[in-house]
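A single chain, nothing else alongside it, follows as structure tokens in the form predicted alone.
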């Protein structure tokens, strides 16, 4: 009798468990995480599921390059409920083609325009929000404190102060600015800041979106400021033959004083022997004081495809991911910055702390980097032009004419 009772209870438990599993609402999530952030995201999903036992988040992870191809296929054919991507112009094609869903209601309901304010412009198209950002990292100027002390230079706030320092460094035989443009993209970081500081975020985005002629006087004004760095020879002379890591070595060795670069380079600087005592960080100096400060911070995002089948629960997860706790956890694993202004950052990393302060207080907007903000073909032509300008500034007219012809062709 006891065995029959046990069997009966076991069968009932199986039926109950099966019913409970059947009652769960599935959210399919496609992503492209590296191992450390993947482990952190799996923890976040477990926390979310514990708080929402009726929801099952099923994460399928791709490698980065494979994902770039896969997303174009699955958004059209077999859309998941959540998908990773990027902010700004990189999300615009999917928004414009109707493949990403408007999630402005999530932003309104959960006060995200306040807590995620720094990323709001880069998530907004046609006054609507199209996803949730969860991480970014700052660009700016990393500098060698020892080189500054050697020539008696002060940390600059304005472009004129920066250029005055450059004269001191040149006299001492030190490159004021180093970069390695063999791969082209490092030069784009310099251009972005020159244009953001000269003309501001909205103009910069209009240019990236093909709405401004490259021969416009305002673009020329950007290059005129850049020429003040290039023409006197303040930039590492053979930068076009250098990888970005080669230029990092020049900063480490004190052969260069400043490097316009993203925060991921800190690890390389420290591997070369720099410490918090010798490595510093400063925001790119003010050029036009009438332009609100905007920053460069490539931003990773999560979206709801228009073909999603479980929109309600996908929105619940987006709201959770936007929260301070989730953003604290995943960014600690990634070594990057949370966007939620109430999240916590690594107190023992002065560069993470400086970046969090810089990005969470920027009044002018967050650019995504030239090769994310502009279409791929325009980005390549543009970055080739930036590299050439730093080698041959006297060819500016030819460079801008070439970029303008490319704009007319590419944005048709």
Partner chain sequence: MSLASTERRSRSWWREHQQRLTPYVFLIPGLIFFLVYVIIPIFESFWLSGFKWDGLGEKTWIGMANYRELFDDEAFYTSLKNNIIWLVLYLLAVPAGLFIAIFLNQRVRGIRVYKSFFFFPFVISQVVVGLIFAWFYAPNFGLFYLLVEKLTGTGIAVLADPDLVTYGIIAAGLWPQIAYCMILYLTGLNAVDPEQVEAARLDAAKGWKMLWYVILPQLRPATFIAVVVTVIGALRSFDLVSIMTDGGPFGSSRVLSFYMYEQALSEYGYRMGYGASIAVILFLIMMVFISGFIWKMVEDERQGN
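Computed from a prediction, not measured in an experiment: that's the story for all the values here. Positions refer to the first chain, counted from 1.
This next part talks about the form predicted in complex with its partner chain, which is not shown.
Student: Though its partner chain is not shown, can you say which of 348, 54, 34, 65 has a heavy atom within 4.5 Å of it in the predicted complex?
Tutor: Checked against the cut-off, the match is 65.
Student: Which of 383, 343, 44, 359 has a heavy atom within 4.5 Å of its partner chain in the predicted complex?
Tutor: The option sitting close enough to the partner is 383.
Student: Which among 105 to 113, 304 to 312, 261 to 269, 242 to 250 is in contact with its partner chain in the predicted complex, heavy atoms within 4.5 angstroms?
Tutor: The contacting stretch is 242 to 250.
Student: So in the predicted complex, is its partner chain close enough to residue 99 to count as touching (4.5 Å, heavy atoms)?
Tutor: Residue 99: contacts its partner chain in the predicted complex.
Student: At the 4.5 Å heavy atom threshold, is residue 368 in contact with its partner chain in the predicted complex?
Tutor: Residue 368: no contact with its partner chain in the predicted complex.
Student: Is residue 69 close enough to touch its partner chain in the predicted complex, meaning at least one heavy atom pair within 4.5 Å?
Tutor: Yes, residue 69 lies within 4.5 Å of its partner chain in the predicted complex.
Student: Quick one: is residue 329 in contact with its partner chain in the predicted complex, heavy atoms, 4.5 Å cut-off?
Tutor: So residue 329 does not count as contacting its partner chain.
Student: Would you mind checking 177 to 201 for residues with a heavy atom within 4.5 Å of its partner chain in the predicted complex?
Tutor: Contacting residue: only 182.
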